[in-house]
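Here we start with a single chain on its own, the form predicted on its own, put down as structure tokens.
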Amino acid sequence: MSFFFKPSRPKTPQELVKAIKDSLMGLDTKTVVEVKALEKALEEVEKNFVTMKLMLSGDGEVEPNMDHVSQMTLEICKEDVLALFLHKLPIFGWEARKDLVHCWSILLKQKVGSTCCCVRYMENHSELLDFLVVCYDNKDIALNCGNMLRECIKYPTLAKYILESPSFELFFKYVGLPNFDVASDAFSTFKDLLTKHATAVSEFLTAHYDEFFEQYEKLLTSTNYVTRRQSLKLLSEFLLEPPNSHIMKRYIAEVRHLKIIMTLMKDSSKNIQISAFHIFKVFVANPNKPRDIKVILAKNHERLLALLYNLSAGKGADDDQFEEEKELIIKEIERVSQLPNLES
């Protein structure tokens, strides 16, 4: 006598979301004593995440059914499953976290009609963005959360919220964490926040100029070489963005900033010297240099000229252009040093 078993019917998007939600909620009722029960619940979560991943991105041979993807995306928002994903993340195993990060980017960009409903959900539950930021304090999930955060930052409204949130200030701590991988990941996120959406960044810097640059100074003067080098390179990237031209004009008019850049030009690292020069030349070339800036340039002109004469372009750089720029800067410093009435 033979038995034939019908394969189980694939879950509908609604059924899958319910199964995911139930398995995530099931983690709440488990205590440390019930280790086996917790393991079983985590296995259920992992299994559901694999199914979710297949529904969202297909299996490499069969393309995803976009109607199913839309239905599942809507259901995930309606049932507050996005919030559960984040709050339960620290409990998940490695595979489940990896699958969730993969699904996260697909869910965020999925449009239902003309609306990215997961982005809308995050806009309406902005505390989840703060949660992702503070996860850098947990090295076990920091890299997962960093990936998810950078996916969020692709959307202007979400990036703007993080910039203006008190949690943004935490990045000045995270980029200097002793764990190199976590610090590097945090810097990648920090960089995206300051470079992805020029208009939002310009508004933020305009409103928070003093507080921001007071904190940024600490990065530029850090004892950590990587922090100094990365923050100096990033500074030139966002200052030179056209919407930030008014920020740059303000920055290059302040003596305290010039002094930091001049110090960095004496750094033992050739890379830092070159990066500092590219910001220093903007101070010097500024046709509207304040008197205080001229005084500093004049007082230090001998040391500055000695530094510049010994400075050469880095590997792969355009030597001719570099030498041309250097010559113009040297001439301008010499001119300023001969101006009358610059005694401080």
Partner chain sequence: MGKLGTGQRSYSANQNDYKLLEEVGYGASATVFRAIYLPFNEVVAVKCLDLDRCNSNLDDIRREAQTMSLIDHPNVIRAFCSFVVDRNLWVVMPFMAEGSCLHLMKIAYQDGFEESAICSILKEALKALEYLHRHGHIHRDVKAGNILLDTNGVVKLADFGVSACMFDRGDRQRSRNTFVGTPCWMAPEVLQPGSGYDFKADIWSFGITALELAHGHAPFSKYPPMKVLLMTIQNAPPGLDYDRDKRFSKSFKEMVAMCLVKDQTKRPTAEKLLKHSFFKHAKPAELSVKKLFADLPPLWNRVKALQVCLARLLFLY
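Numbering follows the first chain given and starts at 1. Computed from a predicted structure; not experimentally measured.
Omitted here: the form predicted in complex with its partner chain. The next part is about that form.
- Ser269 belongs to the set of residues with a heavy atom inside 4.5 Å of its partner chain in the model of the complex.
- Using a 4.5 angstroms threshold between heavy atoms, Asn179 counts as touching its partner chain in the model of the complex.
- Looking at Val255, you'd find every heavy atom of it more than 4.5 angstroms from its partner chain in the model of the complex.
- Its partner chain is not shown here, and in the model of the complex it never comes within 4.5 Å of any heavy atom of Pro156.
- Heavy atoms within 4.5 Å of its partner chain in the model of the complex are found in exactly one of 210 to 218, 137 to 145, 160 to 168, 242 to 250, that being 137 to 145.
- For the residues Gln71, Ser222, Ser188, Ser126, the 4.5 Å heavy atom test against its partner chain in the model of the complex is passed only by Ser188.
- The partner is not shown here, but in the model of the complex the stretch 209 to 236 reaches within 4.5 angstroms of its partner chain through a heavy atom at Asn224, Tyr225, Val226, Arg229, Gln230, Lys233.
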